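Just the one chain here, laid out as structure tokens, in the form predicted alone.
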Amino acid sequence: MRESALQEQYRQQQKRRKYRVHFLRLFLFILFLALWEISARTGLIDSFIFSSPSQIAETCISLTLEEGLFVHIGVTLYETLASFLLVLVFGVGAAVVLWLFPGAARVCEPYLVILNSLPKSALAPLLIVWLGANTTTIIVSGMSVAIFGSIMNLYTGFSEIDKDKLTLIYTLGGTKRHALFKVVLPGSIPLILSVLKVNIGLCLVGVIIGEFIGARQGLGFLIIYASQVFKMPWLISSIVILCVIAVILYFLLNLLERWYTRKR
């Protein structure tokens, strides 16, 4: 009974700590918005340059009614999700190939490091020249930011799978195919989910870089257009919407990861 009481007390402490963290997050967010609004209204900051929460809300409403804001959001979301899914497919596929052929992995490793270190903003203009200013180019731009790091992280994770389990598979007469589908991939699902949580933000960054250069729709287009004509509320509103999109996408992947963890 004493142990049960201590366990219940510990659970209550953890629950209170969790609620305290959520409260402080919300409090800091509301405090930031309030200070921003007050500073803009009292002239502590230039509302033309920094805008304000009320101006951003009004701008979002006007953009929705007059400029088809949801069309721009939909375009950016489509390009981000398309690049994200392609990175998942090609990243896992390439990592599997490298795991199956260790010699090829040793040959390709320095090239993957170089490509992953290359500033992706430098690739976007080249992609525009190669592929033209279209949706495909923007999707490839989104992929380019995440694909090489994804391959390296997944291959490293595949290589660090428990050697004893692999030895058991081979001892029982299994092949590399059996080891891959019975041990490596199932054991790497937590790693894959973790990589996906990173990739969704990287793909969004890559898509915005592509939209800066070669788009006529999307939030990246709105940002670059607003900066050129000094419509600062448009620019800041687009950035805020991007932050909201990034948080929602990350939250959904985090829910997927939690569901898988509970299922295990």
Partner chain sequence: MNQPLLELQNLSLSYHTMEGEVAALSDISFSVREGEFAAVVGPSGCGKSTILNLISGLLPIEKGEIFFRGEKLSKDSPLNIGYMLQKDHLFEWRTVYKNIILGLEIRRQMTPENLARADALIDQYGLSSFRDARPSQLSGGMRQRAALIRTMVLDPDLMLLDEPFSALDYQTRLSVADDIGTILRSAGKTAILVTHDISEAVSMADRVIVLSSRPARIRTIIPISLSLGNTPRTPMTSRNAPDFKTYFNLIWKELHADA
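Residue numbers count along the first chain shown, from 1. All values derive from a computational prediction rather than experimental measurement.
One more form of this protein exists, namely the form predicted together with the partner chain; it is left out here, but the text below deals with it.
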property: Thr167: touches the partner chain in the predicted complex, heavy atom cutoff 4.5 angstroms; result: yes
property: Contact of Arg177 with the partner chain in the predicted complex (heavy atom, 4.5 Å); result: yes
property: Contact label in the predicted complex: Asp162 to the partner chain, heavy atom within 4.5 Å; result: yes
property: Residue contact check: Gly93 to the partner chain in the predicted complex, 4.5 Å heavy atom; result: no
property: Contact assignment for the partner chain in the predicted complex, among Pro186, Gly132, Pro110, Pro119, heavy atom within 4.5 Å; result: Pro186
property: The partner chain in the predicted complex: contacting segment from 149-157, 124-132, 78-86, 186-194, heavy atom within 4.5 Å; result: 186-194
property: Contacts with the partner chain in the predicted complex - residues in 223-259 whose heavy atoms fall within 4.5 Å; result: none
